[in-house]
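A lone chain, given as structure tokens: the form predicted alone.
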């Protein structure tokens, strides 16, 4: 075992590092994104018992699962969006697995989101973060902390007559993050874009700009309040689905204690 791997294993064993679970429990009640009725809809998670140590299978218990690729805490591949449909190796089964483990920075927008459900991550917010913590390093994941994950049910989607209202990034914020050459962008909301993201130019800029640049997305994260601004390691491998545009994911972070 190399010294690096041995040191990681030792840190976890002795408690000087710990694993934070950034994943919501996948169950039928977890909200999914709601699109205008003329579009196909995201399916909620469903679990059907096949056998449970009974006449259907005396020594085993198992379930049949039904779900959308983008249900619950999940990973977005470039091919998820039209701008990324021609990105090389843009499906989840084609992505180099080394990108599923990497450094992560957290931009704390929780105070702003508490005051304004439509709070925007702007270049000024990012630059203020960099003035305190240093420039966002290339090839890092960037997570937008809003504490939105502490909501549940109808409050999580926060639907109104004009659609959902939830915080998210502006187009210029995403462009700045792309200038930093980030690996991907993640949020606590149901998507990487703001609830009213359709009104930006381009619409849904996190999806359009990130995936067009071959970058990745994570959404429906939780426990971001347990991560430091810098210094954590993110672990976010999607299922290896042939031709998959995304996947429910058990997202973990390793942090120093």
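Positions refer to the first chain, counted from 1. Because the structure is a prediction, the values reported are computed rather than measured.
Below, we refer to the form predicted in complex with a small molecule, which is not included among the displayed structures.
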Does the small molecule come within 4.5 Å of any heavy atom of residue 190 in the predicted bound form?
-> yes
Contact between residue 207 and the small molecule in the predicted bound form at 4.5 Å, heavy atoms?
-> yes
Taking heavy atoms and a 4.5 Å cut-off, does residue 81 contact the small molecule in the predicted bound form?
-> yes
In the predicted bound form, residue 65 touching the small molecule (heavy atom, 4.5 Å) | no
In the predicted bound form, which of 228-236, 199-207, 49-57, 22-30 comes within 4.5 Å of the small molecule (heavy atoms)?
-> 199-207
